[in-house]
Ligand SMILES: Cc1ncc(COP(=O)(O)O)c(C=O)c1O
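Just one chain follows, in the form predicted alone, and it is written as structure tokens.
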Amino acid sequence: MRKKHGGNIYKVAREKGVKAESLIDFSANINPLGYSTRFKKSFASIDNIILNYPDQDAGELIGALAEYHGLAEENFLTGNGSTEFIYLLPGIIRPKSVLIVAPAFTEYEQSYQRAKGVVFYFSTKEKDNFAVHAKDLLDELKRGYSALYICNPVNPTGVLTSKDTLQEVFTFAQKKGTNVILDETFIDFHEDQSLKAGVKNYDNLYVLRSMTKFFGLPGIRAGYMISHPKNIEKIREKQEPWSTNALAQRAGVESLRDASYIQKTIQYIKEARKAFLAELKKLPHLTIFPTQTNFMLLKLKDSAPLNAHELYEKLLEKSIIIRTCEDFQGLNDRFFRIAVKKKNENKKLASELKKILS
């Protein structure tokens, strides 16, 4: 069965009988500023890109990634979004048992079940705002697992685990022979906390990165992996040819080189999130969990007059889409996730929530 996913705006539009552009999609955590203006300007010379096969090695994009992250080109492999690697890795690692730090992106479990790996969960606690405690996780890893899956910052909670904490976990995992898949899809907002440099010393570390969220490119499907060169070669052998199309390669290169856009995005999200949170904190019946990225997890208290599914339906009547979270391990139908979007859109959602919850 296909897992639920945020951003399925076309399906919602078909069911509602409206045009997709009439909907405000808070279910997908995409940069509200859109994609890089530098990439947009490159459209004038796009004919040669479309009329030729893409560079199978994605050489220019790999070079741009190496320069941007300060690592060797041999540490990178591009793909059809980070999701391609989520589904490639189980067949390469062939895990007997997998530990997923939860709540977590639902595709992790689905990919490992396809590889017939047994999935276990290390569940963070609501009372701790879903923070990862290193001691507890290390105790669990002592049981012995083929692979550990951890997202940082976490989707859907927005929790950012410190670099030092993760370093401790990865060092222990290496001693236990546990492969670590670190999903850094949202780390662009806190690049200084990335563990990407660890691939120099940890051959059991696979870092997943995406250009979907921060760089506003969901429709192009541009993602990449950072890992030890021997891992990169092994995965490249299993990867289908031309998995990174020519437009995705151009988008990636231009986006990475648009320093102004990157800084503007970080600043905009910081300001918009602060203002959005201030509005949401005025509302009754809501628990708002701390977040360090461009989305937030909320919970309808028991005193709320409805659950997340009912809230979804009421907001959809106002052409607003949110992400219910009952399919995330450890969450239920009181939880929902919303993106930080343009300031006027954030105000609209806060206003509609006020009407419903009051």
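Computed from a prediction, not measured in an experiment: that's the story for all the values here. The numbering used is simple: start at 1 and walk along the sequence shown.
The form predicted together with the ligand exists for this protein as well; it is not shown, and the discussion that follows is about that form.
- Heavy atoms of T83 reach within 4.5 Å of the ligand in the predicted complex, making it an interface residue.
- Mapping the unseen interface onto this chain, N75 falls outside it, with no heavy atom inside 4.5 Å of the ligand in the predicted complex.
- Taking the partner from the other structure, the ligand in the predicted complex has a heavy atom within 4.5 Å of a heavy atom of F105.
- By the criterion of a heavy atom within 4.5 Å, F186 is counted among the residues contacting the ligand in the predicted complex.
- Every residue of the trio C151, S210 and K213 has some heavy atom no more than 4.5 Å from the ligand in the predicted complex.
- Exactly one listed residue, out of N155, T244, S227, T161, brings a non-hydrogen atom to within 4.5 Å of the ligand in the predicted complex: N155.
- Shown without its partner, this chain lists R273, R250, R221, K196 as candidates; in the predicted complex, only R221 has a non-hydrogen atom within 4.5 angstroms of the ligand.
- None of 109-117, 75-83, 278-286, 137-145 except one has non-hydrogen atoms within 4.5 angstroms of the ligand in the predicted complex; the exception is 75-83.
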